[in-house]
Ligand SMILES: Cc1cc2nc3c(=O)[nH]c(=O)nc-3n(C[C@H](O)[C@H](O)[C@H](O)COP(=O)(O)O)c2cc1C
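To begin, one chain is listed below as C-alpha cells, in the form predicted on its own.
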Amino acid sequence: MHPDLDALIDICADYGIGHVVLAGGLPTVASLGRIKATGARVLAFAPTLAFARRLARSGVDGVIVEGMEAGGHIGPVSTSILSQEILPCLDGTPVFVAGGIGRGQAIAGYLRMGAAGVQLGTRFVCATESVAHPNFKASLIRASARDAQPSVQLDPRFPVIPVRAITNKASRDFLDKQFDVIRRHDSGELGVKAAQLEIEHFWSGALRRAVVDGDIEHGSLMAGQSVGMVTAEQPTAEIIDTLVHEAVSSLAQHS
C-alpha cells in the first residue's frame, strides 16, 4: 500500500470519516481492507463497465459513474452512455451517476434507470456556504454550458489529461505554451521528458489561484457543463430542496 494512502486512512479513522471515495485507479484489496476496518464505506469511480465489475468484485460499497460532462479531470465517454452500459449490468452494488447533472428531472431519470443516487459538484460551487472566492462564483454564474470546455492537446507526442473548465486567458495561454514547447522540442532545445514536464507544470496551483485567490484570468475555472444551470448564489438547503422537488415531481408524473 502507498504510504500516503496509508497515512490518509489513519487520518480518516481518527476523524471518524464514514465514507471514503477513491479515484484514479483500481484500489488494492489491502487498501480496501484497511479502510473498511475503520468502519467507513468505500466508493470508487469507474470509467468503464469492465472497471466497474472489477470494483464490485473487489468489495467496494458503491461505484460512481462519471461522464465527460463533469468538471475537472474527465474521461472520453458521456454520462448517458456510461449509465446505459453500466447500470443494467451491475447487480448487488449501488451505482451513483455523475457528470452534467443540474436538475431534479435528470436525477429522476437516472433513478428510474436503476441508479442508487447521483453526485453533483458544479451545482453546489455557488452555494452560500461554499468558501470559493466571490470572483470564482461570479464566473460560474455568468457562464453557459458551452463555456465549460475540455483542455486541448495539440500534439499526441505530449499527452494532455483533459480537464473541463470555463475558458479564460489561462486556457488560451496553455495553447501558446504547447506551441512554444513543441517548437523548442522540434528544434532540439528540449528533450521529450523536459517538454512534457513543462506542459504538465503549466496548471500547477491553477485551481487554487482561481478558487482561493480569485484570479479568474490565470487560474483554472473547473466546472461541468451543468454550469449553465447555476444562475445565482443560493443556500445549500435551497438548492437541495429544489432538486428534490423537481425529482419527486418527475417521478410522480411517470409512476
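When you see a residue number, it is the position in the sequence shown, counting from 1. Every value quoted in this text rests on a predicted model; they were computed, and no experiment measured them.
Here the subject shifts to the form predicted together with the ligand, a form of this protein not shown in this document.
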Using heavy atoms and a 4.5 Å limit, would one call F51 a contact residue for the ligand in the predicted bound form? no
Can you check whether Q196 is within 4.5 Å of the ligand in the predicted bound form, heavy atom basis? no
How about E69 - does it come within 4.5 Å of the ligand in the predicted bound form, if we only consider non-hydrogen atoms? yes
May I ask you to check whether L32 falls inside a 4.5 Å heavy atom distance of the ligand in the predicted bound form? no
Interface stretch in the predicted bound form with the ligand - options 142 to 150, 174 to 182, 122 to 130, 104 to 112, non-hydrogen atom within 4.5 Å: 122 to 130
Can you work out which of A44, V230, A210, A223 has a heavy atom no more than 4.5 Å from the ligand in the predicted bound form? A223
Sort through I166, V95, L82, A98 and report the residue having a heavy atom within 4.5 Å of the ligand in the predicted bound form. A98
